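Let's start with one chain on its own, the form predicted on its own, as structure tokens.
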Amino acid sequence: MVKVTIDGIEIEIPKGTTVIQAAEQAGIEIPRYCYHPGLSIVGVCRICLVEIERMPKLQVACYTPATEGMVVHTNTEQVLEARQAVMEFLLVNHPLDCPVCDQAGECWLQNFYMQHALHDSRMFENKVKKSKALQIGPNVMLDSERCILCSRCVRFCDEISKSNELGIFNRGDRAELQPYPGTELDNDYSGNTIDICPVGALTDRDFRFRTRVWYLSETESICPGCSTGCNINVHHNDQRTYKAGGSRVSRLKPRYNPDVNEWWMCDAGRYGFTHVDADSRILAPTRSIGEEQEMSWGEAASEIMTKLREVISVHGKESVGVILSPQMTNEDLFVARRFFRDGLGLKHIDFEVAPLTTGAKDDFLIKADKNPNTAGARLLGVGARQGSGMTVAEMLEAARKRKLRALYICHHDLANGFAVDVVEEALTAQDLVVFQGPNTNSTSALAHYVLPAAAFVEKTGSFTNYAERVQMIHTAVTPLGESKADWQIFRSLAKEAAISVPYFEAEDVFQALTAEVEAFSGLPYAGLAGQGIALRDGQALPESETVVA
């Protein structure tokens, strides 16, 4: 450890810490463009210049290691003049695009100009012209005139995605960021280059011109795209109402968590939220026996429980199968367990559906298991492997032979895991099929009753990722139509069946869960916010055991 003094504040830091990192620990912000804590240090932008006693010239804070007894000044007259000069240099050829630039409102060039520059331009010559609005990949647009050559995106592709698509070509004021000839920015993590671009050079093709960032609110959540459980922020427009083809959710951005995804997320998760406001959303409980008809929640719960009782009365509890989903939260699955297993006494409950095609995976963030809560479902004991009931495959086979007479299916499109004719034969042979989920699919089309479940951005709860880290999702937007969180739907059915489910908030469910399920014992609800809590110090489940539905 070494002691340094920054702007009169003495701090003790590990040896090898740079000045800019030490300043952050002291609560002092030093402006930066090229520096990013997840990338190598190059020291090219020069905006982080600071004055260090006993050194004859200003030093770049991102590259200079802090040493014992070092005294640093970040706001002297010489430092401020240097920052203003750097800003003037960066703006010499920068276009006046702010009114039409998507980065406006979150642009470091704007922010640092207002904080450190505020100079009158001395540039009277024509600015150097470069390519504008160039699509360099499926998700990324490039405006070379706005680029300040910080090289963040280049280093990301070289060091993080290791796909090496980008480079800086030419010299002097003709230097320009471009993909290498014959390539495009098309790796699984390309959207991160947009996140780390400090200016408007790289913009999101999907988000481009959709809304101004100052209209957006931000809610912490977890990506439901795979079992990694990347921490994200949901950016949503609270003034926008749902309509076909529109979206209340504008974009997903990665949220820093050193134990899960650091600063990054994959493109599949980043752009995988379109189902939230898709035309396929289920907006009200629906009866599909004969002519399709919308129902109230009270009518739906009453009819479903009446028919379920009839099936159990005639054919016994062994004739009912329940297919839950690892897309559901811990709270949803716990209440499902209490209702179906403990309350109704059903035996055949499972959630694991192996897909027909193996999910993509890599050695970085992307897992083959495309569900956020497989580990949670296993720990809660709602799978066939934890009990003596049938697996999903066995349920469908039994349903085809009419050994099962009722199926309650949550979220799954079973055609993703089984042949279409197998699913159709199984479901059409049933006296009762209930589908519960946020969106219609080929399975819901065969159900007698369809119940609208809230999407992940419309409810509060928790997921348990592959490493058994429990993390929270929060309600970002109001549930569409009559949709409810899955656990609330089970509570409605339980009330109709005179089964006690005494929970009013997600927190109530979680408190009961921690009291009854040993794996979650003593877990504090408030502690899940932020970066979550690891149940077993990050010990991962073996890859061979993960579900890949």
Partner chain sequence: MAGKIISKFFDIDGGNTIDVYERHGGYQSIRRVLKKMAPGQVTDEVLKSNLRGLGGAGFPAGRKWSFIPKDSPKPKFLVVNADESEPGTFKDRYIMDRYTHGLFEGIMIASYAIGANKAFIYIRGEYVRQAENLVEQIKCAYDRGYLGKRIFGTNFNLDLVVHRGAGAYICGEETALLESLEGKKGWPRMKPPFPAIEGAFKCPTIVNNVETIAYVPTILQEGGEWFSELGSERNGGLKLYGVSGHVKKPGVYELPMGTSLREIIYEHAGGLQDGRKLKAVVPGGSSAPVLTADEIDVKMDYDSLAKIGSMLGSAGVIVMDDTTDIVRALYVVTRFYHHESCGQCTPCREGTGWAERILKRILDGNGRSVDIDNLLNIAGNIMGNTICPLGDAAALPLKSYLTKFRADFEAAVSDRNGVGKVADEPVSLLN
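Positions refer to the first chain, counted from 1. It should be emphasised that the depicted structure is a prediction, and the values quoted were computed from it without experimental measurement.
This protein has a second form, the form predicted in complex with its partner chain, left out of what is shown; the following refers to that one.
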Students should find that, of 446, 82, 308, 282, the residue having a non-hydrogen atom no more than 4.5 angstroms from its partner chain in the predicted complex is 82
None of 196, 90, 457, 107 but one has a heavy atom within 4.5 Å of its partner chain in the predicted complex; the exception is 90
How about residue 148 - does it come within 4.5 Å of its partner chain in the predicted complex, if we only consider non-hydrogen atoms? yes
Going by a heavy atom distance of 4.5 Å, is residue 123 a contact of its partner chain in the predicted complex? yes
In the predicted complex, does residue 128 come within 4.5 Å of its partner chain, counting heavy atoms only? yes
Spell out, yes or no, whether the shortest heavy atom distance between residue 481 and its partner chain in the predicted complex is within 4.5 Å. no
Specify the contacting stretch among 173-181, 400-408, 422-430, 352-360, defined as having any heavy atom within 4.5 Å of its partner chain in the predicted complex. 173-181
Who in 336-352 is close to its partner chain in the predicted complex, meaning a heavy atom within 4.5 Å? none
